[in-house]
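The form predicted on its own is given below as one chain in structure tokens.
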């Protein structure tokens, strides 16, 4: 039974991807057969063509298109790189392979030797560094409308999850409540995970892996009926997609816990509205309903304007806060320019940060006692609705 499941899941994923590839690249073949200049039309993956949809609360690609043609001196190499990578991915799908992005880099990396009419010899590499081949993969994602995960391209596992939940992956039923002191590593193809049953009321995403481990050890997820996830810093695509599915398919509220600094707040925004680099994938990776639960500046210092009391005493603030670096301050000013950080609550948070020029790590809260974080701070903020959206 398990064997038939894994065969069927992969078979269907490959079938869908192969069909999309045939449709998208068929026109190029027809152009060549007609003796025309072959070209591809794809959305521009540029900052200027990235827009913030305030109604849907998502970063999306705009309407601008790029024509990539074979007989265009400026686009010829990119055109050839795109077709080369598309061929490699297509062949991997046909052969039932699971390439990594590093594999794809090496499979396409070679040198083309040619001579000018006068006999001068030239060499041209398909690509020199992996960042070039990665960019081509992103172009193919935009062109086909497929995530690389849907093409069964693998990447390093990063995010982890525990909770009272059963899933099916690779034909096996996995109980996420019975992971010992460890956790389930979210696989790089999260759409092939089947949710079987869940006994949870919300999802708590923790930026820091160490804090995730602490909460897991005391079984926070069982006591508070939560699905506990760590992104271990900047979230990878699989973790973002997994969180999106929990919210979208199971209706579970999502709360994000990060350090109290501009980099932690940006991690929250990547979960919520997407990233500028991958704006073309926001509709499947971002979770617009995600809520920032902390750590916030008003948690540290309170807020006379709203009457909010701080969670830290004056002595604790002196002990725990860290002086902000120039890079932190620069990042804060950058956040102020993003439309999604221009809400009254976020403006207030950044205003306090720039005034105090201080930041605080989640671990400072555990220094008050792990039970303070688990039994007071988090439950109290969720119960009172003290979060930022």
Partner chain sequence: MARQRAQRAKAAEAPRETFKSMSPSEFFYHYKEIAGFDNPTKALYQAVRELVENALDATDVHGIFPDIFVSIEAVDREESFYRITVEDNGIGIPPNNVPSAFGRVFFSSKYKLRQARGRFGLGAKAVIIYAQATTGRPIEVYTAPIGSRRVYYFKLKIDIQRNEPLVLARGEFENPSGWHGTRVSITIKGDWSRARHRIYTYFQRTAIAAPYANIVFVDPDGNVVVYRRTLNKLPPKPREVKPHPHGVDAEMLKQLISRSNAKTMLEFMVETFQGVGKKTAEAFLEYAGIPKDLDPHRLSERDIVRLVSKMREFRKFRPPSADALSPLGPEVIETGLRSILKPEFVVAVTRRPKVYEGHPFIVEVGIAYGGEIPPQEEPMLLRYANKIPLLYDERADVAWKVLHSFDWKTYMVTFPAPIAVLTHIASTKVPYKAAGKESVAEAPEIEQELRNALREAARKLREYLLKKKREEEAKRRIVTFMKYTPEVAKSLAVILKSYGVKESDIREMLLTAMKKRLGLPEEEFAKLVEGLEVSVEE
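Just so it is clear, the model here is predicted, and its values are computed rather than measured. Positions refer to the first chain, counted from 1.
Not pictured, yet referred to below: the form predicted together with the partner chain.
Contact with the partner chain in the predicted complex, defined as any heavy atom within 4.5 Å, is confined among 247 to 255, 164 to 172, 123 to 131, 315 to 323 to 123 to 131. For the residues 79, 202, 184, 263, the 4.5 Å heavy atom test against the partner chain in the predicted complex is passed only by 79. None of 87, 156, 219, 225 but one reaches within 4.5 angstroms of the partner chain in the predicted complex through a heavy atom, and that residue is 87. For residue 22, a non-hydrogen atom is located within 4.5 Å of the partner chain in the predicted complex, even though that partner is not displayed. Although the partner is absent here, residue 67 lies well away from the partner chain in the predicted complex, with no heavy atom inside 4.5 Å.
The closest non-hydrogen atom of residue 33 lies within 4.5 Å of the partner chain in the predicted complex. In the predicted complex, at least one heavy atom of residue 38 sits within 4.5 Å of a heavy atom of the partner chain. Interface residues of 102 to 117, taken as those with a heavy atom within 4.5 Å of the partner chain in the predicted complex (partner not displayed): 110, 111, 112, 113, 114, 115, 116, 117, in sequence order.
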